[in-house]
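Only one chain is included here, represented as structure tokens and corresponding to the form predicted alone.
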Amino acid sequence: MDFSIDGKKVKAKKGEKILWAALDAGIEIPHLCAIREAENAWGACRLCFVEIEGRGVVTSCTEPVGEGMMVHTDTERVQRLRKRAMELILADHPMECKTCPKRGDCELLKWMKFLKVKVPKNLRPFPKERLEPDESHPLFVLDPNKCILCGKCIWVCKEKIRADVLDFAYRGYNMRISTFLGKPIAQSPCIGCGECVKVCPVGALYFKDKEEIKEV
């Protein structure tokens, strides 16, 4: 497929999503939930908006490339939607960057700077229950308070490792990552591969000691 992104000619195989074609071409598009190996994109973070001439705004992680397509990543509409999506994430995310285990490696902070978005003061978060981090596993910690519900840990646990330990629980604003029946991870079938921790873009999953990473 031959098409263009921001006026740059790009080639990609049929069916490839715009996001991956852009990144392969060296064109940066913010994203937090996309996994290239995943058959179906989750499309949760809404940061990867792009605009297609004649089509309008779409999420680039879900939209396949098309012959002759003209994609723009930096239009006013795209910027406005991306910034609002980032603000909505930040409104409920505890900004404990100075003490966060993912400090220096946080993708949320990376894209926040990329989009030049600050923590919104006009968007008050809904009342939210403060949950105790699950420190039961000897290798890693699950802190649901910092989870942005990107779903990466669930995908890798289910589809790549086939361990099926984590899943979404509850609905709406109460949705969170959880084990079956909310049991501590140490009481789950977790094999300690650490793949869920590696794909977590924020500090919701982090190793107690990075040297203890067990390779599958």
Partner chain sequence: MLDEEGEVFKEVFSYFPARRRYLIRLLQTVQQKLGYLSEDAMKEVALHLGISEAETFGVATFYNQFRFVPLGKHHIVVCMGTACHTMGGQLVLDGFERELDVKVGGITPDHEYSLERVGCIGCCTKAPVVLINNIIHPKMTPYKVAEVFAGLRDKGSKSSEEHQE
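Residue numbers count along the first chain shown, from 1. Here the structure is a predicted model, which means the values were calculated and not measured.
Quick note: we don't show the form predicted together with its partner chain, though the next part is all about it.
- The contact with its partner chain in the model of the complex, taken as any heavy atom within 4.5 Å, belongs to L166 out of V65, L166, A34, I29.
- Figure note: of the listed segments 178-186, 39-47, 57-65, 144-152, the one touching its partner chain in the model of the complex, with heavy atoms no more than 4.5 Å away, is 178-186.
- For the chain shown alone, K158 is a contact residue for its partner chain in the model of the complex, at least one non-hydrogen atom being within 4.5 angstroms.
- Within this chain, Y173 is remote from the site of its partner chain in the model of the complex, having no heavy atom within 4.5 Å.
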